[in-house]
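One chain comes next, on its own, written as structure tokens: the form predicted on its own.
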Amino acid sequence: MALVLDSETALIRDTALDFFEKRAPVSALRKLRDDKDALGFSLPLWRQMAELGWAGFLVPEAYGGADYGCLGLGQVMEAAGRTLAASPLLATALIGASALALAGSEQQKAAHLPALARGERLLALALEEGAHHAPFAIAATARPSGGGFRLDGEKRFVLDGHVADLLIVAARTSGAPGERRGITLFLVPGDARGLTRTRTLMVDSRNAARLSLDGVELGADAVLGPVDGGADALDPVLDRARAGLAAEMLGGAAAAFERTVQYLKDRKQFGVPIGSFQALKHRAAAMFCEIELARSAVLAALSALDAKSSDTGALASLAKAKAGDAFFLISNEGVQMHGGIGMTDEHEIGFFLKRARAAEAAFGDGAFHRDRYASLMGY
């Protein structure tokens, strides 16, 4: 596994860095938040991202995508994380595209992937039902009804759930909550009768929603993947989500670190920059080391996903846990080293702390992934 990027992937990274710095700075997220924007992101900006091919990086070429892979999309995610850019990259380009490409039938792929790659269809994964990530704790039910299924239940923390054109809903067709067997995935139109979507105002201004499914009737063709075997379909999708989100968190951590180092150079006390104080030098060095360790873990996970390695699950959990640790530490240190102004909404460093907390909880926090890593490694 190479820990450096080839020239083509490096070009993608450089293009994405320039794009987000110029067109989606942190001030753009602030404006979306303050304006209480109904979408929570800029639709014209998303269309521009789709024109660059990013929406279709995980879509096969046969369906209009670039099929560039997780490592390429990871560079875009990392660049987006540096400016906390609000976009459907995670929910649609990463999770939605992965679910359809890996588990969808030919008819489902043909119906949805081309529009997704063009930036014309938004997707969202409706999985969580509790306060913490628990992919098999599914209580929402899908009962046979008129040749199809009737869905009932509640979903929480559905990223982009309030604006998605198509929802991927995990429901239980057999078994009990907590059991791996018996979960089935369904494609649910965003305007389905019996579906109620309530937007959730997240602390980091990321899009999310609560869903209520009250007798949502679906045909048999709405099943994504095998009936009762949805957990097997979910595993690779969630590993992609974890590694991609880890890349985004890495970008956020790196940007917060750079902002903090610059402040240490600019802020003076006793006639000298505070960055010359030994204690602050040591803390900055520790932050730098955490970023580099996280970067290696993220690159390993993204490369393993593209190579379909047998240790993909363990590396995805390692990357998510390590990126979460790094972002937590660096966002904390950033606020503290900025002093009083770091505690105000006026300064942007606090936005990184909020994103670190929300991103850490998404798709499993450090405790979840350390436990999963240990289990996968046979401990």
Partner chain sequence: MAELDAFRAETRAWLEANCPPSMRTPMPDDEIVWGGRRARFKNPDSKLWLERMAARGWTVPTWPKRYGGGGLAPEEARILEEEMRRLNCRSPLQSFGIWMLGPVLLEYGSEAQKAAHLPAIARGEIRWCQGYSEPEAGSDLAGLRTRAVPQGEHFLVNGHKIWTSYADLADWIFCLVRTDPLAKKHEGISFLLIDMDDPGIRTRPIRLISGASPFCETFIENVRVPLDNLVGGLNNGWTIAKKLLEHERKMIASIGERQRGAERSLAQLAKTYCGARDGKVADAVLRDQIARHEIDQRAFRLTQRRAAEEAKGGAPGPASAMFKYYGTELNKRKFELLLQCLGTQALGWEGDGFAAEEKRITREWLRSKANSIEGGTSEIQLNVIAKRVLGLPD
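All figures in this text were calculated on a predicted structure; none of them were measured in a lab. Positions refer to the first chain, counted from 1.
Not pictured, yet referred to below: the form predicted in complex with its partner chain.
For the chain shown alone, H338 is not a contact residue for its partner chain in the predicted complex, no non-hydrogen atom being within 4.5 angstroms.
Contact annotation: A321 falls within 4.5 Å of its partner chain in the predicted complex, judged by heavy atom distances. Proximity of R295 to its partner chain in the predicted complex: non-hydrogen atoms within 4.5 Å are present. Under a 4.5 angstroms non-hydrogen atom cutoff, its partner chain in the predicted complex has P273 among its neighbouring residues. In terms of contact with its partner chain in the predicted complex, the residue from A314, M49, L29, I349 that brings a heavy atom within 4.5 Å is A314. This chain lacks the partner; the member of L195, V261, V227, A137 within 4.5 angstroms of its partner chain in the predicted complex by a non-hydrogen atom is V261. Of the candidate stretches 171-179, 199-207, 73-81, 298-306, only 298-306 contains residues with a heavy atom within 4.5 Å of its partner chain in the predicted complex. Contacts to its partner chain in the predicted complex (heavy atom within 4.5 Å) from stretch 269-289: P273, G275, S276, Q278, K281, H282, A284, A285, A286, F288, C289.
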